[in-house]
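Take a look at this single chain in structure tokens; it is the form predicted on its own.
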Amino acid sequence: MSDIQPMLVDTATKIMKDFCTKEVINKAEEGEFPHDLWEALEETGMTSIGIPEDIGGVGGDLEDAMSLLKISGKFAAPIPLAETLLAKLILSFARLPLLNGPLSLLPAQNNDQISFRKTDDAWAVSGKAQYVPWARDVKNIVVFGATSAGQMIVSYVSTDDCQITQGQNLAGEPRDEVMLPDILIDNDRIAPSHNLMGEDIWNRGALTRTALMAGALENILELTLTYAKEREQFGRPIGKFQAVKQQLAVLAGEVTASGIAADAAVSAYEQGGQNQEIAMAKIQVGEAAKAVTNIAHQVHGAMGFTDEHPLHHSTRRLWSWQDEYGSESEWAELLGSEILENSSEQVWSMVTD
């Protein structure tokens, strides 16, 4: 944990409590971007966490950024914070200027194809991307793609130059289709990605989703415990019944395991680890999302399905985020392939170290 992390967590929690209310989330799902929430985070430097100060960030490391996203997930914040942090990190790797305001990022899926082409006095970028978070709500999108020679390039484009078809996920968050119709870009907005590769971006994207999901799981645990203490049947709180206690124990276990797995994946990746820890974390939070939401809705009964109760804000986000940057099935297939390639001694150390 860095020196700034306790202060970061405390400040971010206060901002989320003040600006990320149930009404704000509901309006965001109807298409109203929460500008006050975003400006509060930007004024306190939260949107540049994890970026070195000498290139325009506010310092901190990957663990700090992921702790912030865990809080964002816990409050179901309807803003592109994960995308902005990731986009700014890519700009910093390429030594391009950091951009103000919320950002999105291309490609958003493994099969999105983005290509750069050199013209006489500029560059042109073209391609199509699906399921792009908040494309309609940002002014700029950071673009990562390849030239015909295989060189990886980073740049950014104005959304005014893109063709955007609006879509959304189950949680009502914007997930748009973006077309880049051979957009011309000045040379000073183009830079090689240096050591950053597409796999790195995918892995970091998966880390953002494990952090968001770990936060959402924490919120569901708190909501469910509170309801189990307040709701009474036959003259006593339902949390006093043995069957409910057993379910709450399973729920708490899944939430705790998910938080530990998410933190361990961030720590291992920051220390130069491979994507095995990310795979394990994404599998854990994905499986926990199913178990936890099932139990939480059973405990809440019909109340958990109403618009008035905030439980659905977290459950719908979990069901949406679990497939982004690879579902648990895709990560399990990758992890299984790596296990089969190793000797039995290496498998043991992979599981226990």
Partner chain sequence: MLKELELPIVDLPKETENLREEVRSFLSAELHNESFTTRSDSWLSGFSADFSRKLGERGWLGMTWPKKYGGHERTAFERFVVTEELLAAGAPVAAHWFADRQTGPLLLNYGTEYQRQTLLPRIVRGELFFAIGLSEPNSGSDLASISTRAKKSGNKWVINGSKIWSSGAHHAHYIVVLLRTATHGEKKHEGLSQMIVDLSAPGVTVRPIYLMTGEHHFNEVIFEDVEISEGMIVGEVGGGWKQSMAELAYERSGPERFLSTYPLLKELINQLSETSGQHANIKIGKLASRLWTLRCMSLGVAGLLEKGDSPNIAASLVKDLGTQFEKDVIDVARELIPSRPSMNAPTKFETLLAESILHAPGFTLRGGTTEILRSIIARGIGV
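Numbering follows the first chain given and starts at 1. Predicted model only: the values in this text are computed from it and were never measured.
We do not show the form predicted in complex with its partner chain, though everything after this point is about it.
- Shown alone, this chain has one stretch from 29 to 37, 310 to 318, 287 to 295, 44 to 52 that lies within 4.5 Å of its partner chain in the predicted bound form by heavy atoms: 287 to 295.
- Contact with its partner chain in the predicted bound form, defined as a heavy atom within 4.5 Å, holds for exactly one of I201, A261, I185, L223, namely A261.
- A heavy atom within 4.5 Å of its partner chain in the predicted bound form is found for exactly one of G239, P102, P107, P174: G239.
- Against its partner chain in the predicted bound form, the set M66, L89 and V157 makes no contact: no member has a heavy atom within 4.5 Å.
- Using a 4.5 angstroms threshold between heavy atoms, V9 stays clear of its partner chain in the predicted bound form.
- Residue contact with its partner chain in the predicted bound form: V347 places a heavy atom within 4.5 Å of it.
- The closest non-hydrogen atom of K245 lies within 4.5 Å of its partner chain in the predicted bound form.
- Within 4.5 Å of some heavy atom of its partner chain in the predicted bound form lies at least one heavy atom of A252.
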